[in-house]
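Below, in structure tokens: the form predicted alone, a single chain.
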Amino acid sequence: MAVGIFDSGLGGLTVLDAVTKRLPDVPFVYLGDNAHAPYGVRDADDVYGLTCKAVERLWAEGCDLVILACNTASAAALRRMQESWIPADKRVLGVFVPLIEALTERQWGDNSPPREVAVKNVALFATPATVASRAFQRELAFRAIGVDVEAQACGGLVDAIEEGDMILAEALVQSHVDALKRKMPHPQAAILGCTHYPLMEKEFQAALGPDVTVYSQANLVAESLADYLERHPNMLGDGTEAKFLTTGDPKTVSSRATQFLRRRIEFEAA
């Protein structure tokens, strides 16, 4: 009954933490492609190839359902995977869906025409690859009209977080928020469009100001997954063991992950 969680590095641990708390009886297999992180600076074909390889590895662990806890993979690879690659008995889901559901206050299965929503000015903070894909804007446009999205590519932020340099990360958050505000002085909402960024949520909120609603993904994904599994219990795979896998050096990744979640995490080689 295992479910797979994939990320290019450690950011997906924020999602893993939330889904584990929400679904404590489900074993989760986490795979971090630390050897090839970060994905945010790679082109779409490269991201697609790496993501497919990682998903196949999780299928081999008995995870028929895999969550792409990587926004870059969700943006650059997921649609292509769903259209031509994923077999009928498997599912791969991304992390944009719960975010857009929350922002538009409508369920993903609601296929009625786009309509106006309360939030008109949205700041999107994401990796360069996610920003370049325009996937968030495309999916949002199917469901809402009249929403102005200003995207800010947060170069260097994932690297700083992965390396545990929180002083640099905080400085980068302030710099990227300042750059965003030069383009959109008064956003109503801000999307943290990378699963690394919840670790800097307080810094984003402080830089944006108290009047901006900050949407972070982890808890939204957890609630969405619980709902999905209630509706599709057959998608629980035959894996029974929770584990942490990495394409990088297990010792190094385990040490950083332990700092990341503030609890002991032991990775093994994928």
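Sequential numbering from 1, following the sequence displayed. Everything numeric here is computed off the predicted structure, so don't read it as measured data.
This next part talks about the form predicted together with a small molecule, which is not shown.
- Taking the partner from elsewhere, residue 123 is found to have every heavy atom lying beyond 4.5 Å of the small molecule in the predicted complex.
- Under a 4.5 angstroms non-hydrogen atom cutoff, the small molecule in the predicted complex lacks residue 32 among its neighbouring residues.
- At the 4.5 Å threshold, heavy atoms of residue 191 stay clear of the small molecule in the predicted complex, well away from it.
- For residue 77, no non-hydrogen atom is located within 4.5 Å of the small molecule in the predicted complex, even though that partner is not displayed.
- Comment: 195-203 is the region of 195-203, 99-107, 114-122, 81-89 lying near the small molecule in the predicted complex, near meaning a non-hydrogen atom within 4.5 Å.
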